[in-house]
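The data below hold one chain only, encoded as structure tokens and taken in the form predicted alone.
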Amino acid sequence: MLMKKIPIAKPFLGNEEAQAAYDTILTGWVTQGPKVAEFEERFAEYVGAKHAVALSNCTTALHLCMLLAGVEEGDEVICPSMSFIATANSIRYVGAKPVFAEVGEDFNLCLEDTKKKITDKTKAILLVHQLGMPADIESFTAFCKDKNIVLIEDAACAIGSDIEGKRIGSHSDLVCFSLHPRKIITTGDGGMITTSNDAYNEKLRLLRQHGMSVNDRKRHESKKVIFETYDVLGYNYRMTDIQGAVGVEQLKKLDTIVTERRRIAYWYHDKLAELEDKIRLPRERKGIKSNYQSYQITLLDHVEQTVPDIMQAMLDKGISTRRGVMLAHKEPAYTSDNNLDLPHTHKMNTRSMILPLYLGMTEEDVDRICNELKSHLKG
């Protein structure tokens, strides 16, 4: 009997998104236009921010936030090494230095270690909500305010997560989301910045479209001839209207997606509870609601099996897994940081692995995954 393969993730797309893309193509307006504007409005409303600015991806969103925060060559920005490389890269794009700090048990930036890394060159803190699990925004916000440091949120994975009922995207003025297929909702690729700062909103819209004083849609709709100017150095970071149309349909499904992902995560919680003497499961702090963008487990110190061995054994049985979140400072592009002393971060990376989680998974799938994991960890 052919064994069913279980992938690590799948985007949740259907006929609604296909029809929306088709309809938009037929309008003839396929670059940034009315559908992007609608997507932005709905996105801002969903998270509880005044504005949302759509971009080509989350990396470009992070780059623009660095510019708005005034981060320049010679400045330092504190961030976790345990994050996708784009987090650290966005800091280097503006000539600044990423200063890597430790993470806690929830894989999010540790405030106490962050405090130790502050210097007179620190311009900002880039706080990542890793794997959809909200970081301690309240504590970091208070600290940044006291130190006059800009807080930027890398919420690439965190759409639909919340703290005390307040959704990620509404807590501060520079919050970046990803719309990559591995995220909760997708537009193929894409990014979004949410802010309630009017000045930031205006500047972001200028920077994403070459610094153009009047965008294409306004010129198209105008009854008078308009000539644009290019008053600042801008970028081509726009989202297409095809993507915007898909995004509108994805937002309609977002609450359903988050509810279902949480249900699957709680299946894992229940079925892996008997292994809590061998693995650490992801747990939400009081008042925290994760969207469970990924379900990452961590082998405890006394467990002899290694993550690569377990991953290979599960792959041999048709179950895809992934290593724990990467470490930027260990990559060749960060040679000068390769030997940084981040012991907890390193342990969390080498002892962690991500299990499949996507809409369409059945409880039978989760049983099979958990049973395979148990077979390698028991004894």
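Note that this is a predicted model, so its numbers are computed, not measured. For every residue, the number given is its place in the sequence shown, counted from 1.
In what follows, reference is made to the form predicted in complex with a small molecule, a form of this protein that is not presented.
Q: Where, among 81-89, 278-286, 204-212, 106-114, do residues come within 4.5 Å of the small molecule in the model of the complex by heavy atom distance?
A: Selected stretch: 81-89.
Q: Any chance Arg263, Leu355 and Val366 all have a heavy atom within 4.5 Å of the small molecule in the model of the complex?
A: So, no: the whole triplet misses the small molecule.
Q: Gly169 versus the small molecule, in the model of the complex: is there a non-hydrogen atom within 4.5 Å?
A: Gly169 lies outside the contact set for the small molecule.
Q: Could you tell me if Gly160 has a non-hydrogen atom within 4.5 Å of the small molecule in the model of the complex?
A: No, Gly160 sits far enough from the small molecule in the model of the complex that none of its heavy atoms falls within 4.5 Å.
Q: How about Gly190 - does it come within 4.5 Å of the small molecule in the model of the complex, if we only consider non-hydrogen atoms?
A: Gly190: yes, in contact with the small molecule in the model of the complex.
Q: Since only the chain is shown here, I'm wondering whether Asn349 would be in contact with the small molecule in the model of the complex (any heavy atom pair within 4.5 Å).
A: So Asn349 does not count as contacting the small molecule.
Q: Could you spot which one of Val246, Val128, Val77, Ile184 gets a heavy atom to within 4.5 Å of the small molecule in the model of the complex?
A: None of the others qualify; the residue that does is Val128.
Q: Note which of Val36, Cys58, Leu327, Met66 lies within 4.5 Å of the small molecule in the model of the complex, where distance is taken over heavy atoms; exactly one does.
A: The residue in contact is Cys58.
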